[in-house]
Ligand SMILES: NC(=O)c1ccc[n+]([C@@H]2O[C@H](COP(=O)([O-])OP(=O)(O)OC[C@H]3O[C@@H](n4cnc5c(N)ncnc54)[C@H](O)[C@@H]3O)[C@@H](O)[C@H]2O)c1
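This document opens with one chain alone, in structure tokens, the form predicted on its own.
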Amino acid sequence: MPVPDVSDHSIDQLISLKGRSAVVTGAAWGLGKAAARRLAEAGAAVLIADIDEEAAAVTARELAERFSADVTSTRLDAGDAASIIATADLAENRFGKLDIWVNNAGIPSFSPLLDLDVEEFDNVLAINLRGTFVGAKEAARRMIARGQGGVIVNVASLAGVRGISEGQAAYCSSKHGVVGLTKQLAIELGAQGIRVLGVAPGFSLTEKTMFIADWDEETIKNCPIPGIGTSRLGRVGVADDIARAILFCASDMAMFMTGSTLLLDGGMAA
């Protein structure tokens, strides 16, 4: 691949995604929706892929109207390889190419070790890790065939770099796998001009984490998160904190970065 010279490009040019296309999995809500919003704002055509087909369609319409962008949606089951392949095919057929793939879809697990059965463990890994593997593989296959490179962004977690609270054996295993997979994909795909990066959020407020935690926003902002840690910035993360990092990874601002996972935890791991 030729070495791009962007030293004379403005910040606006470096962050712009005009003319590029993106798939964001698990993008009907939360972090995925925030990431899709930032990518669309930067000029990308975006496919919202989520198991909640109705919510995905609502999000796509909202973003298309807000940014006058080409944003569409599809149903995606991240635990089903055939569903992921169909999503990649749809994106390529709709946009004519595939430049950016964000592996965001995932599920939590809260069972303590002795209560964690094999079926739950396998299901968490099937969606969080195998789904990321299949998504990256299918995106890379299409990017290589086109010969113009691309970017794959994997959403890991603070649980991908350290242990956290009780009941997270399956989730921690899956997210540690995502961090390792990100490194290996970067090694294997770099020669084809494909950059692979990860983002690892700490606790971030979304519709789903508020529901799961059953804590009100004020409590979360002012107290340490049990078993996770305390933000050193005086607040927990919000979805757009992660979305901005994903936009950075996808853009030419990060064009000499691959294999890294950015820790977005407000200093919780410090």
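Note that residue numbering begins at 1 and tracks the sequence as displayed. This one's a predicted model, so the numbers in the text were calculated from it and none came from an experiment.
Here the subject shifts to the form predicted in complex with this ligand, a form of this protein not shown in this document.
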Next item on the list: Spell out, yes or no, whether the shortest heavy atom distance between residue 105 and this ligand in the predicted bound form is within 4.5 Å.
Entry: yes
Notebook entry, point to check: Hey, in the predicted bound form, is residue 30 touching this ligand, heavy atoms inside 4.5 Å?
Noted result: yes
Next item on the list: Examine residue 231 and determine whether its closest non-hydrogen atom to this ligand in the predicted bound form is within 4.5 angstroms.
Entry: no
Checklist line | this ligand contact at residue 125 in the predicted bound form, heavy atom, 4.5 Å | finding: no
Check: Considering this ligand in the predicted bound form, which of 170, 91, 78, 100 comes within 4.5 Å of it through any heavy atom?
Finding: 78
Check: Want to guess which of 133-141, 180-188, 153-161, 91-99 is within 4.5 Å of this ligand in the predicted bound form, heavy atoms only?
Finding: 153-161
Notebook entry, point to check: Which of the residues spanning 36-50 lie within 4.5 Å of this ligand in the predicted bound form, based on heavy atoms?
Noted result: 50
